[in-house]
Each structure stands twice: as C-alpha cells, then as structure tokens.
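Take a look at this single chain in structure tokens; it is the form predicted on its own.
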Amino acid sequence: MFTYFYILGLIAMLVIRAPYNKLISKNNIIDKRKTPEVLLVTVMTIGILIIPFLYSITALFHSNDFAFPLWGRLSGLLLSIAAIWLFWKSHKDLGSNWFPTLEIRSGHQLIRTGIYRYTRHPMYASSLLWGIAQFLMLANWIVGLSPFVSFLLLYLFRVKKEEQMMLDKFGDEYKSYMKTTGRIIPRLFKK
C-alpha cells in the first residue's frame, strides 16, 4: 500500500515541476557554473526513481525489507506530504528564477519571500524530507537509503558552487540574506 503512496508522490512532484521546465528556456544564460550535472542528475534519478521503481514492480531488493510498525509508515506518508508541499512552495516562490542547472539568466532575481524567507535551499530540504519519507514508507534498507546517497552527492557538489554563484551575482544582498536564513534547515533565531 505505501509503495503506491510513494509512486503517487513521485507523480505529484513531476506534475509540479512540469510547468517550470517550460519556463527555463525563455531567458538568456548570463552565467553558468560547471558541475558534473549529468552524473548528479543520473545519481539522483537512480536513488529517488529507478531503485524504488524496480522495488515496486519486481522482487528485486525485497530481501532487504525490515519490519516497521504502521505508525512509522504513516509518519513517512505525512513526511512525504510535507516534502511535496515544500517542493511545490519552492517552485511557486521561485517562479521563472528556477533552473535545473547552476546558471543565472537575464532578469534573475534574488527571492527572499515566501519559503525563501526562512531557508535558502528549500528544494534541497524537500529532497531530504522525501528521502526520510521513502525510508519510512518503503521499509527497505537499500531502497530506503538510496535517496540519501544521491542527495549527499548532489548537496556536496552543488551547494557551495550555487551559493558562490549567488554571491557573485547579488554580492552584499546575498551575504545579508545568508545571515538571516538557514541553508537547508530554517534558522529559528535570526541575528
């Protein structure tokens, strides 16, 4: 049953992102940072989509299932809803400022409102929440841990470069923004 909820959640995130994928080609690129994007996207796709999908439709990885109480799986379902909401809110608040790769396009703005008032990288936070939800709902060591490996690689290779790109574009405005927000986890006590 929870496998179906997991698949519905993935579909919801694909539906959320679809209109923003259409927006990205409208502005010219003025700055693009090099990261191993193809590798990072491939690893994320394997960890969050392919491994769980194979688990869902085959017996592959089922030997790594573990007993988990219903309340734990329900907690995962609630976390998946929170992750989907955060994913949607991040896209909604960024609007045409979202890009799948590290780039600045003409007309790019620093968004400091909505969810970005509290955290600089809520999409990374939604990925982390989704990973926890995946672990709890699917109750399988390999399938449950695969999003964390993929998230860790993405985070380590991208976040510092992404923040440097924003510092280069927005300077002191971004430095000020960094002082009042958390990177992934909201800063509860602002300086």
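So that there is no doubt, residue numbering starts at 1 and follows the sequence shown. Please read these numbers as outputs of a predicted model, since none were measured by experiment.
Below: the form predicted together with ligand SAH, not depicted.
- Remark: Ile104 counts among the residues lining ligand SAH in the predicted bound form, judged by a heavy atom distance of 4.5 Å or less.
- Contact check for Leu94: a heavy atom falls within 4.5 Å of ligand SAH in the predicted bound form.
- Heavy atoms of Leu78 never reach within 4.5 Å of ligand SAH in the predicted bound form, leaving it off the interface.
- Although the partner is absent here, Met165 is a contact residue: one of its heavy atoms lies within 4.5 angstroms of ligand SAH in the predicted bound form.
- Of the candidate stretches 141-149, 43-51, 58-66, 123-131, only 123-131 contains residues with a heavy atom within 4.5 Å of ligand SAH in the predicted bound form.
- Although ligand SAH is not shown here, in the predicted bound form the stretch 97-114 places heavy atoms of Asn97, Trp98, Phe99, Thr101, Leu102, Glu103, Ile104, His108, Gln109, Leu110, Ile111 within 4.5 Å of it, in sequence order.
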